[in-house]
Every structure is written in structure tokens, then in C-alpha cells.
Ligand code: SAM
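First, one chain by itself: the form predicted on its own, in C-alpha cells.
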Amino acid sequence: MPLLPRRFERLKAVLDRRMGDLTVLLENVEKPHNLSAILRSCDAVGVLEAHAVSLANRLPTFNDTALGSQKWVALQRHADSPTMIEALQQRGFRVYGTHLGVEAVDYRRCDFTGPTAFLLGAEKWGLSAAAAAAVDQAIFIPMRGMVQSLNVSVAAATLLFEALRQREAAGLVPERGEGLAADQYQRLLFEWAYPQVADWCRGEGRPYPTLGEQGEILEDLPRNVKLRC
């Protein structure tokens, strides 16, 4: 079925507000409900992608809580936490780890307007020692009750929406695609609009076709590929 113009406009409107410089890093967050809720919060805030290290031989799984958000927020997998953290730091991200150490500061005292990554640990154990040692700043969310921590998905949402609040106050929230590089924006727009055709193009080792103003493919594709549109 051809892509409807209103669907194309909706995809563009969402992609226009995506932020490539805000993300979450998840260390052994395995419960499908939590993982799904975190990706849903990422989508709601405008996070482009998330990152995860999983326990050995375990693939991330999702449930209905995600509401399909895993299709719009890519989950990048890494071999181990120090590698994951270093990869983001080399890209200019400041990594904040949720960890109740002596160096931890109240998250509300931090500036999240620059490239920011929030590192959250496993539901039962929190961050590993190696991960906690590698972050740029340990942070905590103050608690007033008997329990000293939030559910990991709630903690992620709290931090993400604080980052969004700060960026809105500073006038730094993208509205017209400025949160992504131009080539990245065009690539993702095609993949969102025509995922099956994008798979075919990658398999053929060829660039994506150009899209028209209403989302139509401006190229004569093979008939079997057209059926995937």
C-alpha cells in the first residue's frame, strides 16, 4: 500500500524533533516491562537511540508497554559497559551514572543541555563497579520515603524529562530537524517510511532512492520491490 501523505508528514514531524545528543545507556536491564517503558519514554522525549549491554546470550525483549516505540528508538547493543561508555564519551557525550556513591550529586544540579547520556543499571544490583568508575559524574534522585531508589524505568523517565525541561528553557530543543545531521535525517526518514525497501537497498548495496515532497519514491523500482511499499 502506498505511503499516505499524512503518514509521511507525521513521520517528518517526529523526526524533526529527534535529538541525537541525548541518550540512555542500560547495563543489564533485562525485564521486558522496564526495557519497554524506557524506550517509550525515550520516544516521548525525542531521543534518537538508546544503548544497552545485556547479560550473556540474552537478547533484549519487549512487551506491550513499549507501544511499538522500539521501532522508532533504535537500541544499539554493546559487548560490555566500559566499551559502551567510552564509545559515547569519544563522541563528546558526558555520561551520568545513577549511583549512590560519595561523589554523587543531586541530578537537579547538573547541566544536561550538552551531549548527555544517562547510565542506568540492573533492576536488583544497580551499576557494576566497572561502569560506576567509568562515568563522568555520578548522580542520584533524592528520595523522601523508606525506599532508597526508583524503578529503573521511572528513574530513566525522570532524568530524560529533566533534560528536556532544561533544553526547552534554553531554547535548544530541535523543531525542524536540526537535532540530526542532514544525511542522517534523510536516511532515517527513508527507513521509517519504507523499511522493507530500505532492507532491499542495503542487501543490494545501493543507496536509498530519493523521496518526493509527499513521500513518494522518485525512482522506478523492480516490481517485486514496489510491492513492499
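Each residue number is its position in the shown sequence, starting from 1. As the structure is a computational prediction, the values presented were derived from the model and not from experiment.
Heads up, the form predicted in complex with the named molecule isn't pictured, but that's what we're talking about next.
Within 4.5 Å of the named molecule in the model of the complex, a heavy atom is found for all three of T98, A122 and I141. Taking the partner from the other structure, the named molecule in the model of the complex has no heavy atom within 4.5 Å of any heavy atom of P82. Although the partner is absent here, G126 sits close enough that one of its heavy atoms falls within 4.5 Å of the named molecule in the model of the complex. Proximity of Q89 to the named molecule in the model of the complex falls outside the 4.5 Å heavy atom cutoff.
Although the partner is absent here, S149 lies within 4.5 Å of the named molecule in the model of the complex, judged by heavy atoms.
Residue heavy atoms within 4.5 Å of the named molecule in the model of the complex occur in exactly one stretch of 72-80, 151-159, 129-137, 109-117, and that stretch is 151-159.
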